[in-house]
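Given next, in structure tokens, is a single chain: the form predicted alone.
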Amino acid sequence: MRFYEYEAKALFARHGTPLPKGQVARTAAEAQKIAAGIGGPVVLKSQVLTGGRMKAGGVKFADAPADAEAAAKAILALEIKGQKPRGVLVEQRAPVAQEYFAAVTWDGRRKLPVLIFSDMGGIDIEEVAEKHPAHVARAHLSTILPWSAYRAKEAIVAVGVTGDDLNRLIPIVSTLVEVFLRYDLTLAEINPLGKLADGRFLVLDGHVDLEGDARDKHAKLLEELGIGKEETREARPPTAFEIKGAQVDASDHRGVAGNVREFDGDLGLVIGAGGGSLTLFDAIRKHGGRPANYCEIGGNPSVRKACDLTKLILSKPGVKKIAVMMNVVSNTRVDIVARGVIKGCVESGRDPAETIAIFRIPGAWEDDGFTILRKYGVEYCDRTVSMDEAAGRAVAKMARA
């Protein structure tokens, strides 16, 4: 899940990372008051969960509180990539002599965390790596040995930084690594990390992504940062549909019936088995289908949980049918999912036979599940029918709907 910039900086501040003086404003009047408190020039930044804020007009500068109020009013009214800002971050503006880049993320090939550092910040690191590879340094982190600040020093020195700048950068970069490891992050990024005219360093912009499965582990932190339990964030805020999906999953500890993502389609999906659910989602699209959602179900959820997930998906405007599918092998009880999905259809005022395009869940208690499906006239198949073929059957039914 992705943090807003002000939340990322609040996390950095807990660990002593140097930040410019600033605060989040929810209204233009608040922005004016914050700017007056800061005194002097300020920068105002739209708080959205996507990039491209500068190009879209979501970053403005102001020399006086009245100018800050006008700038904030314009920013708060601006949508960026379909996202309305949660607020405006008003920060002290200081003269920057040079910008750096520092980030920790996961290297999928090495299967290790990696520290990336560059003395060319403020622009996309991908562009720097392509055009100026000598200005990008990498240092992989051990998942066994404790982190040492010496590794940060090696990465910083590798791009030619020495002297006082090196000594001031080491603790900032090392702290970034420690934050990444401590909070189970998938990304901790500072871009730009600015060197001011007086030699001080400040985090001018920051990005943090938290591993979704670590939410419960860091529930206290999220609560203190004001991040709600129902907020399933990625590159955008959660929709009302997605928030309801999280509530369905949280309603019962048994199994999974959540991780809902909303799409603009007409075929609802009740799919599961981790990577299998991604495969099934792609198979639907490959056959020309238009998924209305992505979700995950498995691990023996209760009948009520499967029912509520089904009802949620069927409540989405434009959904004509649903496809219920799982991976090649599953330990999920077929009869429980069958009962839940059929109950969800009936309680939604839908005929299960007309609503369920296909039911393919290989798992425990198959015979009992198939008996239930036959009773309601629902088309089903076992594991002898591939996931791809099952997806194709569901899409073919949609063409006749």
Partner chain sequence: MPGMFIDVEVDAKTAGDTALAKKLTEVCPVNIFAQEKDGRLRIVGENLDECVLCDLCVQAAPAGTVRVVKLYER
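Remember, it's a predicted structure, so these values are computed and weren't measured experimentally. Heads up, when I say rigid core I mean the largest set of C-alphas that superpose within 1.5 Å between the two forms. Residue numbers count along the first chain shown, from 1.
Although it is not shown, the form predicted together with the partner chain is what the next lines describe.
Original post:
Just one stretch in 88 to 96, 74 to 82, 302 to 310, 129 to 137 has heavy atoms within 4.5 Å of the partner chain in the predicted complex, so which one is it?
Top reply: Of the options, only 302 to 310 has residues within 4.5 Å of the partner.
**OP:** Would you kindly say which of 62, 59, 38, 346 lies with a heavy atom within 4.5 Å of the partner chain in the predicted complex?
**Re:** Looking at 62, 59, 38, 346 one by one, just 346 meets the 4.5 Å heavy-atom criterion.
Original post:
Considering 290, 168, 182, 254, which brings a non-hydrogen atom within 4.5 Å of the partner chain in the predicted complex?
Top reply: None of the other options qualify; the answer is 254.
Original post:
Does the partner chain come within 4.5 Å of any heavy atom of residue 335 in the predicted complex?
Top reply: Residue 335 belongs to the contact set for the partner chain.
Subject >> Residue contact check: residue 43 to the partner chain in the predicted complex, 4.5 Å heavy atom >> reply: Contact check for residue 43: no, nothing within 4.5 Å of the partner chain in the predicted complex.
Subject >> Contact label in the predicted complex: residue 371 to the partner chain, heavy atom within 4.5 Å >> reply: Yes, contact at 4.5 Å.
Original post:
Would residue 26 sit within 4.5 Å of the partner chain in the predicted complex, counting heavy atoms only?
Top reply: Result no; residue 26 lies far from the partner chain in the predicted complex.
Original post:
Relative to the superposed rigid core, does the CA atom of residue 366 travel 2 Å or more between this form and the one not shown?
Top reply: True for residue 366: a C-alpha shift of 2 Å or more.
Original post:
After fitting the rigid core, is the C-alpha of residue 254 off by 2 Å or more between this form and the one not shown?
Top reply: Shift of 2 Å or more: yes.
Subject >> Rigid core superposition, residue 299 Cα moves 2 angstroms or more between this form and the one not shown >> reply: After core superposition, the displacement of the residue 299 C-alpha between this form and the one not shown reaches the 2 Å mark, so yes.
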